[in-house]
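As structure tokens, one chain now follows by itself in the form predicted alone.
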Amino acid sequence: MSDDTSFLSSARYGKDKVRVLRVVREGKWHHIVEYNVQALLEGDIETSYTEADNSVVVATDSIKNITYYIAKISPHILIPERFALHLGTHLVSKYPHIHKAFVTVEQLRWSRIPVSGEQGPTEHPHAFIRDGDEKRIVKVEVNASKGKDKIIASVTAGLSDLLVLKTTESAFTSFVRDKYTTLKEVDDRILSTSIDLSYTFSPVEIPKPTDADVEQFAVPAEITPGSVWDTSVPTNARKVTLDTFASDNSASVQATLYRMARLIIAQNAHVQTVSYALPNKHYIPVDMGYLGVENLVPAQAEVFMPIAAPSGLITATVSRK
């Protein structure tokens, strides 16, 4: 086979599953974050693949060490969007031949332990509990392809594994019926899903670090509401998701999903797209007719069998006009 039959069309490498726990101390009041970090690089690295030339390779072990170092020095460590941007900006600024950095941060959910006090329960200043499987997700692309002084960043954020359930005000009727249909129509059912949400912001310009070691990272002095710098966006998006799920008299998962996404876009001026993935968590009423006990009619169904698989999966993306 001749050498002109193929070419390297893309290449990206880095470090995955870098686990970071950072403690930030404010006197006796401590904060913690736990992150799983992935940091990947693109740039003039072709010869490491095509010519076995390692002189262009920033070792993945170095990328791991840089991740820990930025986690140590960054004043933005408690905000995953800003930490990811700080890390990505440092990587593309430090190495002349690296043009893009792709940083994914998965934040595990820790909450303060409430303890008894003279005035009632209070949050403990340095004791925490792992608060479920929900994770906050941030994906950042830091692009210096047009120059180290013209860095542009794209950010997608959201959450995953947010498990929710409601016991009524959910129906599923009037769907297509044909010879393959065995599912019965129901006007009242359990609705449960494990929510994956992502929303993409408008791209932002990142100032070039001005220090010799390109370790500084500047956040705008004035924060534009609804932008990637607005720390209320994740809280509000989560609240919209939960409020809508709880209060919507759902005709279908699709209809509820659409209402959630539209509200997030309406409330955040710089969010361009919102995507949800909502897998059905099925709970099937147990048939007790053989015992003379009614447990299938929705108003009397009280004992259910959780079914893990197969499950429906409902996805959609809603975009700003």
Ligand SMILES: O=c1[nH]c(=O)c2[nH]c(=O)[nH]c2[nH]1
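This one's a predicted model, so the numbers in the text were calculated from it and none came from an experiment. The numbering used is simple: start at 1 and walk along the sequence shown.
Beyond what is shown, the protein has a form predicted in complex with the ligand; the following relates to that form.
Note that among 245-253, 197-205, 133-141, 161-169, the stretch whose heavy atoms approach the ligand to within 4.5 Å in the model of the complex is 245-253. Put simply, residue 183 is close to the ligand in the model of the complex: some heavy atom of it is within 4.5 Å. Although the partner is absent here, residue 50 is not a contact residue: none of its heavy atoms lies within 4.5 angstroms of the ligand in the model of the complex.
The shortest heavy atom separation between residue 314 and the ligand in the model of the complex is within 4.5 Å. Shown alone here, residue 280 lies within 4.5 Å of the ligand in the model of the complex, counting heavy atoms only. Here is the short version: of 189, 238, 82, 99, the single residue with a heavy atom within 4.5 Å of the ligand in the model of the complex is 189.
Contact annotation for 22-57: no residue has a non-hydrogen atom within 4.5 angstroms of the ligand in the model of the complex.
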